[in-house]
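What follows is a pair of forms of the same protein chain, given separately as structure tokens and numbered structure 1 and structure 2.
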Structure 1
Amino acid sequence: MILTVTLNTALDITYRVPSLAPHASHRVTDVAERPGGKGLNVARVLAALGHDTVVTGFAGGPCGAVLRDLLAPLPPVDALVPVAGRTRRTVAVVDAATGDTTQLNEPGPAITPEEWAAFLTTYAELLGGADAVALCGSLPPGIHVGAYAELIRRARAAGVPVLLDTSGEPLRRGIAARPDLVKPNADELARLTGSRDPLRAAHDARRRGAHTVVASLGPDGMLAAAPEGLWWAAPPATVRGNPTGAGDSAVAGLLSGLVEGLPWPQRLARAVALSAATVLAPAAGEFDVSTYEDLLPRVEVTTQATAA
């Protein structure tokens, strides 16, 4: 079983409009709702790849109830912890004329100390049956900035490989707890290390504590710096569409590859192909299996010298 943690879950809403213009009224041509938050997105893709997944984190209020109703028929097992606050909404507005997306993200609910303690109990129980765990996304109000570092230490103590996908100070604190894998994008990596050179920044992040660093480089693909070596992977062509959830699909590719014991070139190729297929999908955070299978053999992976 693969466990994904989403402390700041969301009800994702996607609006499609013919053309998006500022200071104007728009007629929405299509509306889609789905359970969201980075870890839930990761779990949905993992399930599509055939892996047993469990999701945990927080859910509350009317939006939390809708999220759990939408999650109920899906393969990921719901182990979310109820809270008194209201789960946030994220709104993606897709411009059909250009394919571009405008994203609006609400803040999450304030989490009480009692709710955090209840989550830690659930997390400890779930770690006992996990082959790997992904810690994903932002922290809601009320959660201390070192929360991910605490969760990493607990996973390591349980002997469970852990992937961290967050940003800012939670990423900085989390890396110091020595996660097995971190997956920042280029901007997050630059803010962490002060270097705009992805290769230099990835080596720096490893020196700070991360066992392996996989950096998302947008249309240029992904860079992996691991003890075993250094690899770049690039999609066969630039893709345009809705990028919502593309990074989460990449995380699912990396996690599934870890659990399956795939070599790094195959893990990276899977992550890049899933990410590109997600961008091309009409609904935010989804992907078409046939598109993914078409892209996978065309991803170019380049092997470099052993990482420093």
Structure 2
Amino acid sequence: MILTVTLNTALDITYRVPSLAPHASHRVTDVAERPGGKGLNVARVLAALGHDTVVTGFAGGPCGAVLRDLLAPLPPVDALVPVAGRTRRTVAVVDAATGDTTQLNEPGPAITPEEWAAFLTTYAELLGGADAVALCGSLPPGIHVGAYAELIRRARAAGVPVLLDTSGEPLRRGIAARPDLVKPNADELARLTGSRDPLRAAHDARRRGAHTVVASLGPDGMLAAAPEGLWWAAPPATVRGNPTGAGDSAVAGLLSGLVEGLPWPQRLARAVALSAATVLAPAAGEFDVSTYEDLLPRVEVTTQATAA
């Protein structure tokens, strides 16, 4: 079983409007809702790849109830911890004329020390049956900034490989706790290390404690800096579409590859193909299996001579 942790889950709402004009009134022509937050997206892709997945984190309030109702018929097992606060909404407004998306993200609910303690108990129980764990996304209010570092130490103590996908100070603190894998994008990596050179920045992030760094570089593909070497994977062509969820699909590719014991080139190829298939999918954050299968053998993976 693969466990994904989403401390700041969200009810993701997508509105389609004919054309978005600031300060005007709009009739929403289509409304879609789905359980959201990065770890939930990762779990959905893992399930589509055939892996048993369990999702944990927090859910509360009316939107938390809707999120759990939407999650119930899906393959990932719901092990979310109830909280008194209200699970946030995110609203993606898609302009049908241009295809562009405007995003509005509510703040998450404040988590109490008792709720965090209840989560740690659930987390410890779930780690017992986990082959790997992914810690994903932002921290809600009330959670201390070193929370991911604490979860990484507990996973390592339980002998469970742990992937961290977050940003800012939680990433900086988390890396110091020596996770097996971090997957920053170019901006997150630059903010962490101060360097816009992905290779230099990935080496720096490894020196800070990450066992392996996989940097997602948008249309340029992905770079893996691992103890075993350095690899670069590029999609067969520039893919155009909605990048929402592409990073989460990449995490699912890396994590499934880790659990299956795939060599790095195959893990990276899977991550890049899943990511590209997500960008190409008509619905934000979804991925089309046949597109993925078509792209997978066409991802070009090169190894770099300058391995650390």
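Here, a residue number simply tells you its place in the sequence of structure 1, counted from 1. Just so it is clear, the model here is predicted, and its values are computed rather than measured. Take the two forms, find the largest set of C-alpha atoms that superpose within 1.5 Å, and that set is the rigid core.
- Only structure 1 comes from the form predicted on its own.
- Superposition on the rigid core between the two structures places the CA atom of residue 98 2 Å or more away from its counterpart.
- When the rigid core is held fixed, the Cα atom of residue 22 travels 2 angstroms or more between the two structures.
- Structural comparison between the two structures after rigid-core fitting shows the C-alpha of residue 31 displaced 2.3 Å.
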